[in-house]
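Listed next as structure tokens is one chain, alone, in the form predicted alone.
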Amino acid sequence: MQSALFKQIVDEIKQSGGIGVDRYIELCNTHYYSTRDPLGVKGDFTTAPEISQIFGEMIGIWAITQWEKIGSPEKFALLELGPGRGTLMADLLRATKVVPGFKPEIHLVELSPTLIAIQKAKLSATWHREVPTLDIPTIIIANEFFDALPVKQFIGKLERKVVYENGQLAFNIATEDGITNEICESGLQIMRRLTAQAAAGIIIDYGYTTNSRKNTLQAVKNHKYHNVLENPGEADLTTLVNFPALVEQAAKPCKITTQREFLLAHGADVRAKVLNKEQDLERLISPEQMGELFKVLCF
């Protein structure tokens, strides 16, 4: 029996002759994130904050530094995009309690009712459905947010679309031998806005620093790769983040490092020894795991 989302996708395809990859991602991920907690062993994937408290603590150290750079204002905000279970922010706030005056307003951008309920059990915050404009100095945090945004794909001048053939979803163009150009217009717009309005920001995601020109669209379900077109809305759809494209749109100078470099520069190895959590840290910094694939952009 086909789902309501599948029927909606097919109806849109029949009306237009095919929907862009970006529209397909938007429909699938809106349903996916609004109907479940996708994180952890029982979910589909695990993020760095769920692996170790060290991750959020190191971002806390970074946030304190940025706050001090802008004059340690009494009123300021931390704004997190896609806060998951709220673990990163909870770890950050616990670690920064020792700093006098570091008492930010907490603002969270989240669409999922399931995740909002989990966040509310951990955090006192203001929730938003889209990026707000705040009237106080704001520090942005976005961990694994940009990778889930809708992306258009082009092969040459042709846009890659999802079509309906022989009773199933298919792509109108194969990508095996073609150079694929991926454009995340919503991500570029958000980057322009964040860097123009925020005092500072940090974006952590898996992505590349030299344009890959490859098809990076993938689906993950139960911690395994999944067919992108099977069971739409029941797997997490992502693409690798094009960090050079984000930098091009930025209104402020940006610095990009690997997650490994960022965490070690902020003392993660020392903290891991104190907690006896070296094995957890290894997952975050190992070049074979998250250390090199994940990039950290600061502005």
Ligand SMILES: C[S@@+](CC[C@H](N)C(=O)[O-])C[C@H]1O[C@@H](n2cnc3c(N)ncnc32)[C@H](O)[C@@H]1O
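Please read all numbers here as calculations on a predicted model, not as lab measurements. When you see a residue number, it is the position in the sequence shown, counting from 1.
The form predicted in complex with this ligand exists for this protein as well; it is not shown, and the discussion that follows is about that form.
In the predicted complex, this ligand lies farther than 4.5 Å from every heavy atom of residue 60.
Though the partner is left out of this view, residue 82 does reach within 4.5 Å of this ligand in the predicted complex, counting heavy atoms only. When this ligand is considered in the predicted complex, residue 216 lies well away from it, no heavy atom lying within 4.5 Å. A residue is said to contact a partner when one of its heavy atoms sits within 4.5 Å of a partner heavy atom; residue 182 fails this definition for this ligand in the predicted complex, lying far away. Comment: this ligand is not present in this chain, but in the predicted complex one of 254, 268, 27, 39 has a heavy atom within 4.5 Å of it, namely 39. Residue-level contacts in the predicted complex: of 173, 229, 111, 99, one residue has a heavy atom within 4.5 Å of this ligand, and it is 111.
Of the candidate stretches 255-263, 60-68, 239-247, 41-49, only 41-49 has residues whose heavy atoms lie within 4.5 Å of this ligand in the predicted complex. Contact annotation for 11-33: a single residue, 33, has a non-hydrogen atom within 4.5 angstroms of this ligand in the predicted complex.
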